[in-house]
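Here you get one chain, nothing else, as structure tokens; it is the form predicted on its own.
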């Protein structure tokens, strides 16, 4: 897959022709996956915007014909909004992964290593592990089956399964990945687990994979955790707002990062930037746990976004790799006489850690950082406090109204 906006637009255009069949065919896991959109890597990097995906589908199809597909677009937004309001779920996961890797012993460790290598001996599961590592993609239904087998059949820690996905998925998203694994394990919605069935796998793979009777767990089991801290109210946290801090203080620069790579569209498109910084922080892949494929794809996506940003804003673009991005951004700001840096605020996850380090370093150097949010997020995130379907019903009312 080409990590460029135009490649994502082409993939979306191809899918548009068959979007009306999505609801009927989306659960079938077929070679090539032509029955689903496969645009998630571009959406995750915001090479494609959620708003343009929804608008494009609605322009060609009626809402009832494409409701299921549109619903999937909003699932990603829901997960992001939920995690922004419950960041402790992310912190717990990041702390658990290295601890579990260090303490897993004996047969459980062998089972973990075999599962990651596609040697668990379970039809379908092994093929999906190899497909994930080999391509960076896995059909959503296969992801659910895989996670369920990992947790309830192999009895492996869900945290390590989420880490395996996050290492290899090109659309790996801190919120969607972590919270989907929590959902399968019965933590995200209390008492709600997902147990993969052999007959379901056989049906939706059209007989390509048919686990033997007794190979899969038929029941889930409870996984305990301490309750997550209550989320802060939306308006009590200034970081939720689209900040205009520093307006008028002098020359402005743009920090471009891989969680929003279509800055020429939307809220920032009318800004005047003297310079654009799209430098890659050298250690982020190791800190995040990304594999080579994910790292390379993301770096190339950042390069694509930088070219478009430079052309749109007629600004000098700084690229490359930095050992200390925060410190180098201070130097960059001095070189370009930048007194204010604007960026879309990264979401909970590795890029937010980078962003907050950058903010501290720039503030110490007397440079103002203005975090911005897209209207899509500002409008939708506050409603992601309960389950998905109350969230979706609110969205649906606005989408289903007559044109």
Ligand SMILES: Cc1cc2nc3c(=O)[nH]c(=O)nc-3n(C[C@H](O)[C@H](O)[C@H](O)COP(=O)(O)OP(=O)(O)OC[C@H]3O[C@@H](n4cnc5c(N)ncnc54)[C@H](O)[C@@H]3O)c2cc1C
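Being a predicted model, the structure only gives us computed values, none of them experimental. Positions refer to the first chain, counted from 1.
Beyond the structure shown, there is the form predicted in complex with the named molecule, which is absent from this document and is the topic of what follows.
- Looking at residue 69, you'd find a heavy atom of it within 4.5 angstroms of the named molecule in the model of the complex.
- For residue 140, a non-hydrogen atom is located within 4.5 Å of the named molecule in the model of the complex, even though that partner is not displayed.
- The named molecule in the model of the complex is not approached by residue 338, whose heavy atoms all lie more than 4.5 angstroms from it.
- The closest non-hydrogen atom of residue 75 lies within 4.5 Å of the named molecule in the model of the complex.
- Considering the named molecule in the model of the complex, the lone stretch of 195-203, 278-286, 172-180, 93-101 in range is 172-180 [heavy atom distance within 4.5 Å].
- For the options 348, 47, 36, 342, the residue carrying a heavy atom within 4.5 angstroms of the named molecule in the model of the complex is 36.
- The single contact residue among 302, 330, 144, 217, judged by any heavy atom lying within 4.5 Å of the named molecule in the model of the complex, is 144.
- If you check the named molecule in the model of the complex, you find a heavy atom from every one of 22, 43 and 79 within 4.5 Å.
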